[in-house]
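Starting off, we have a lone chain in the form predicted alone, written out as structure tokens.
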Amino acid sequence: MRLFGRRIFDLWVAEESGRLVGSTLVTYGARAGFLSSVAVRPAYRRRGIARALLARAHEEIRSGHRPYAALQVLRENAPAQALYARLGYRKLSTSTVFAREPGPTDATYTPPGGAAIRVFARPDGEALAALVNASLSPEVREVLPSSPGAFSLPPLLASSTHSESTAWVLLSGERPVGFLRATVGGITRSAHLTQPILGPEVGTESALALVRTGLAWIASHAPVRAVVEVPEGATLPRETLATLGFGSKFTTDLLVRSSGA
């Protein structure tokens, strides 16, 4: 964080008799603090530990002058859903996580000549952020707006998590109309694809070419499962993933509340 020159995250833990019994991680965006890894050891649940961790996180989000706290929770996690509702969280959107095992032809794929795909460059971020913000509902854009920097992965962050990552843009002329990032290694057993960002003018074949480019890059690094999260309403990304053999695994709700800031 010293090298970045700004506050990136806080990791709060709960201890009892020197034993780690709970944790929550907060990352900081422009408008919201995003909570993740909210977890308490089973033997220590129903003692108010999660509530205390969340209260500490909310306090830090307020002190950072961010008006919202946001988090994701599994749809079927009824105890967590009930806790968050009592703390004033409301549902903002819903997403599905899809997964796909490596395919036998992934590594040999090359994009067709008609698909204008190149490696992402930092100047692409401004056009991509505008594309994403135009697709978001006003409610989501108020809490979690996209920014040009959201599409870049600092080399320091990749090296600190022992991962490799590459991103691509889909072009219409010289204008970026699509985006995808693939990441392998690091702290997860599966490879990760970002949600395919596809502008309204992108067709099915171009969408398939973009995602297959990411799968080919993953296959060139490791024969591992690919995982991607896509929100409800993103019709073309979901259809593209289904065509390529991705199956739905679980559903999450994005919840939000005022931080009091």
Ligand SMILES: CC(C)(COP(=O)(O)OP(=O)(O)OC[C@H]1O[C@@H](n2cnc3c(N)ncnc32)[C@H](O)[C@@H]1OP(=O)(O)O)[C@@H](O)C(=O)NCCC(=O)NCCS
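Heads up: residue numbers just count along the shown sequence, starting at 1. Please read all numbers here as calculations on a predicted model, not as lab measurements.
This protein has a second form, the form predicted in complex with the named molecule, left out of what is shown; the following refers to that one.
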{"query": "Site test, R46, V73 and P79 vs the named molecule in the predicted complex, non-hydrogen atom cutoff 4.5 Å", "finding": "yes"}
{"query": "Touches the named molecule in the predicted complex: I117 (any heavy atom, 4.5 Å)", "finding": "no"}
{"query": "Contact flag, F151 vs the named molecule in the predicted complex, heavy atom cut 4.5 Å", "finding": "no"}
{"query": "Residue contact check: A39 to the named molecule in the predicted complex, 4.5 Å heavy atom", "finding": "yes"}
{"query": "Contact test in the predicted complex: A50 vs the named molecule, heavy atoms, 4.5 Å", "finding": "yes"}
{"query": "Segment that reaches the named molecule in the predicted complex - one of 129 to 137, 81 to 89, 103 to 111, 170 to 178, heavy atoms within 4.5 Å", "finding": "81 to 89"}
